[in-house]
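Shown below, as structure tokens, is a lone chain in the form predicted on its own; questions about how it binds or moves come after it.
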């Protein structure tokens, strides 16, 4: 009798898991928010940890190209604004690591994955910022593309992630306006300054289109993430929205997008763009971009140099805990 009961347990557990999964999907379909203490499929949890951690890593690594320009910004006003932006990006990373921790993901383990090359971050941050105009292009284009990606995440089915994104998106919209204002100042300046802005646009345009990820047919996770309402739009749909929004902005600045195939399709009301070099995208993801190694080395060095801060914080927390216990 006991042996028979043991044999029946896996089957009973499978039926229970199937029932839970069905109820879980019904909640998703009803636009109900999933919270940290709710039952969720393990695959849903893993998908969220992967996406949220990559997002957090991108915010942290994304500070590096801009942080390098704080001391070289052309005025005190520009320095203060850029410093505030970099501080915002650091805060975004902290919000997102905290959201990942609600899914039982250790922040230390996530950071180890990044520094050991086992975790990815946005491919865009593996390109260098070589001139001040690059800071404008990053704000205008990179943060503009980020907003396209992130606004739908405010309606993500996982509550802690969705709520974190509300503040992130508000601050990213400021960053995008800051970048556009830098580009507009350059375009209204000297011939050399406008040429610098055009050069930055030429170098950042295609990597920004790659930011949205591979085309829908080659995307590994989109279908399931959409079914779970982690994602609301496909990669190609978001990319199209970005192109449609950015073309008139470039025209307003008097800049030319570096795409001879760019054309307006009156039938669809959308701008069509040329073929993206997906081989370059794959090379950057594989660690062979212009700055991949530099970015990870800088992150490792910062982590090692900050060891004393973490040790001091842990000692202070332990002392506070002892006092409360006493």
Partner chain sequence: MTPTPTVPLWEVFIRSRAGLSHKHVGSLHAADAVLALQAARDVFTRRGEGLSLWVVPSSAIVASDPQEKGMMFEPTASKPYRHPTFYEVPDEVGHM
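Numbering follows the first chain given and starts at 1. These figures come from a predicted structure and were not determined experimentally.
The form predicted in complex with its partner chain is left out here; the points below concern that form.
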Sort through 139 to 147, 208 to 216, 94 to 102, 235 to 243 and report the only stretch with a non-hydrogen atom within 4.5 Å of its partner chain in the model of the complex. 94 to 102
Which pick from 107, 227, 203, 177 sits with a heavy atom within 4.5 Å of its partner chain in the model of the complex? 107
Evaluate residue 293 for contact with its partner chain in the model of the complex, applying a 4.5 angstroms cut-off between non-hydrogen atoms, and reply yes or no. no
Does residue 167 reach its partner chain in the model of the complex if we count a contact as any heavy atom within 4.5 Å? yes
Check whether residue 199 has any heavy atom within 4.5 Å of a heavy atom of its partner chain in the model of the complex, and answer yes or no. no
Test of understanding: in the model of the complex, would residue 256 fall inside 4.5 Å of its partner chain by heavy atoms? no
In sequence order, which positions of 280 to 303 have a non-hydrogen atom within 4.5 Å of its partner chain in the model of the complex? 300, 303
